[in-house]
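Just the one chain here, laid out as structure tokens, in the form predicted alone.
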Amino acid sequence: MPKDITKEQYSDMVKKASPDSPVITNCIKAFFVGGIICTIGQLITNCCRIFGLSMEQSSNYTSIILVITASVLTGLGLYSKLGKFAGAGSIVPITGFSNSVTAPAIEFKKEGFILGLGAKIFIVAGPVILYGVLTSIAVGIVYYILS
């Protein structure tokens, strides 16, 4: 930022250059796309139950199918289009986590298996896993103390 521009002037320039975000429309798209993904997951679970699997087995197969499907869609470049349309509606379900692991793996595969794929695969998902594990440990300790 040049020294002759004040912070207020810079803020005004940013506001003029930034497009207005249609918050309500974005929320509606996220709600419906996230709901559709979750409904597909429920349909998979119901189909598994019809074939005689237990609820635990059905849940496991549902997770596997959704993760693999999201990874394939990411590899084909379709999940990013869904993400641009739906925003948070595509990242909240388990499919978003699959996408966040698969996308960096595809992007960095040119750098090799060790420095590319191995080092970068958890660049987005790593913090989620780390804080999820730390939180579960903290909750487990609190639960152990209180019970």
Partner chain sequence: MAKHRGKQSMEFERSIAIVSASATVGTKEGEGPLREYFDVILTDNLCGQESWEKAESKIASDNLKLCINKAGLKPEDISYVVTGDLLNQCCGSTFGVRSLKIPFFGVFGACSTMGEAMGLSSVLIESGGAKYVLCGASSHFASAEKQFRFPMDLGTQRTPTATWTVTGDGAVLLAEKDEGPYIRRITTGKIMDMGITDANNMGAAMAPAAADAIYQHLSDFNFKPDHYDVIATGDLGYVGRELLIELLKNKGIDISKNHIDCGIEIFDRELQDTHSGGSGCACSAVTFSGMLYNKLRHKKIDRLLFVPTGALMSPTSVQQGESIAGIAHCVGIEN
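Remember, it's a predicted structure, so these values are computed and weren't measured experimentally. Residue numbers count along the first chain shown, from 1. Rigid core: the largest C-alpha set superposing within 1.5 Å between the two forms.
Here the subject shifts to the form predicted together with the partner chain, a form of this protein not shown in this document.
Although the partner is absent here, residue 51 sits far enough away that none of its heavy atoms falls within 4.5 Å of the partner chain in the predicted complex. Not displayed here, the partner chain is approached by residue 26 to within 4.5 Å at the level of heavy atoms in the predicted complex.
Contact check for residue 83: a non-hydrogen atom falls within 4.5 Å of the partner chain in the predicted complex. When contacts are judged by a 4.5 Å heavy atom cut-off, residue 91 counts as touching the partner chain in the predicted complex. In the predicted complex, 86, 87, 91, 99, 100, 103, 104, 106, 107, 108 are the residues of 86-108 with at least one heavy atom within 4.5 Å of the partner chain, listed from first to last.
Once both forms are overlaid on the rigid core, the distance between the two CA positions of residue 24 between the shown form and the other one is under 2 angstroms.
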